[in-house]
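What follows are structure tokens for two forms of the same protein chain, given separately as structure 1 and structure 2.
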Structure 1
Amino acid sequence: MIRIKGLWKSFGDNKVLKGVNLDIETGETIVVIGQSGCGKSVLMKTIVGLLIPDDGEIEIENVSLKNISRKKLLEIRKKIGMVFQSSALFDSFSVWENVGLGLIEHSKMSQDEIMRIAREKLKLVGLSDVEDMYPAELSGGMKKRVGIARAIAMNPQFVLYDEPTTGLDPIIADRINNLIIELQKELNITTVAVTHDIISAYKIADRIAMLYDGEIIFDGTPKEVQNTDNPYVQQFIKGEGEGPVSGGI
């Protein structure tokens, strides 16, 4: 499980996270919703130790990331897959090398074997015949999907998706939703996803948490989200411009 305890993170005077608490059980899918710029990506990066929190603690499988050695951290990360909002593909590598890099570096598999796995993972995200292309030759949605294939290539126990369906057409988006559900069911993967896509959130989430003003202000099942009278949550899921949620434009 992943345990987030009293997480604070600021950039200069910009306090982004102000005491985030969240427990994510093993095998659970949690979706974090929240306005653009509220710190969802920062939260994701802090969970995996890419950003160091100013205060508070992250525990993954009861191992605290606080004062952890670099070696141990890198070891833990092999169990984690992450899909970046920006895809973050390695642009000097072909698509299959992107997907297979973890295996190339950490396993003793032959190149053929790694290529086969890469192809298989790409197929899961609805891509074929792209393995020899380079990221620059792909569309935004294709990059996103390569990013997903890369994140699941090493059969991780935890997958963090930063907006997995943004920029995808509705059909592919739904396939990705199904993929996330399947992975969770079949492999008992613990999933944290960030999305603005409320339909996708309802579909994949066991629990939905809303991040607002640096804190988790709501945490419940999709049903509870729909039925809550929390005005912030209501405004967000209905997508209303007017309401208690401030900020934005």
Structure 2
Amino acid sequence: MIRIKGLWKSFGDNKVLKGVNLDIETGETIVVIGQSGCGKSVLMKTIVGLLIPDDGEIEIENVSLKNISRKKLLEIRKKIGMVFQSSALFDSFSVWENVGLGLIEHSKMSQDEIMRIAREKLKLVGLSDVEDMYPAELSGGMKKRVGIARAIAMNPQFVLYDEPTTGLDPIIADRINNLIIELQKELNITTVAVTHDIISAYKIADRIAMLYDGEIIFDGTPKEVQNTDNPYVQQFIKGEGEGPVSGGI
């Protein structure tokens, strides 16, 4: 599991995370929702160790990331696959090189073996015969799938998605949602996604947590989210411009 306790993160005078507490259970899919700019991506990057919190603690499988050695952090990162909002593919690398990047950097596998694994993971995300193409030749949905294939290339225990459906049309977005569900079941992984897409959250989540003003203000099942009388959650899920937070928009 992942345990987040009293997490604080600021950038200058801007306090983004203000004592976030959240437990993520093994094997579940949890979605963190919230307005754009509320700190969802910052939370995600602290979980994988790309950002260092100002205070608080993150534990992954009972190992605290606080004051951890770089070697131990790299070992833990190998258990985590990350799908970035922009897919973050390297334009000068072929598709198979993008998918196999972690294996190229952190294993002694041969090129043929890495290519084999890349093809295998691409097939899992519904892509075949694209391994020799380059990112510029791919559609937005295909790039997202390549990013997911890269995230699962090292057989992680956790996969984190940063805005997995942003920039995609509704049909492609739904296919990505279905893929997230299928991979979670087939690979038996723990899935964490951050999004402002409530339709996506309802579809993929076992549990939804809402981040508002630097804190988790609600945590429950999709049904509990729909039925809550929390005014901030209600305003968000209904997409209403008038409400408790309208003055700050």
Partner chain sequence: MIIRAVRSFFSYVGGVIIILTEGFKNFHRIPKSYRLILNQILSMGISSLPIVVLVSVFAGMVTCFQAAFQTKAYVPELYVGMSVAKAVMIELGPMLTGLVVAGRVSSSIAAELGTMKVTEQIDALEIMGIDPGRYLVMPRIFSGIITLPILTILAEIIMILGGLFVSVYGLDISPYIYLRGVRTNFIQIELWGGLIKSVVFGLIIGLMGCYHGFQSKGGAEGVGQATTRAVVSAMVLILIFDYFIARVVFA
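Everything quoted here is computed from the prediction, not taken from an experiment. Numbers given to residues start at 1 and step along the sequence of structure 1. For clarity, a rigid core is taken as the largest C-alpha set superposing within 1.5 Å between two forms.
J.: Have a look at both and say which one is the form predicted on its own.
T.: It is the second structure that is the form predicted on its own.
J.: For the two-part rigid-body motion between structures 1 and 2, are residue 50 and residue 9 assigned to a common part?
T.: Yes, both C-alpha atoms fit the same part's superposition better.
J.: In whole degrees, what is the turn of the smaller rigid part against the larger between structures 1 and 2?
T.: Rigid-body rotation of the smaller part between structures 1 and 2: 15 degrees.
J.: Could you tell me the distance the CA of residue 136 travels between structures 1 and 2 after a rigid core superposition, in angstrom?
T.: It moves 4.2 Å at the C-alpha.
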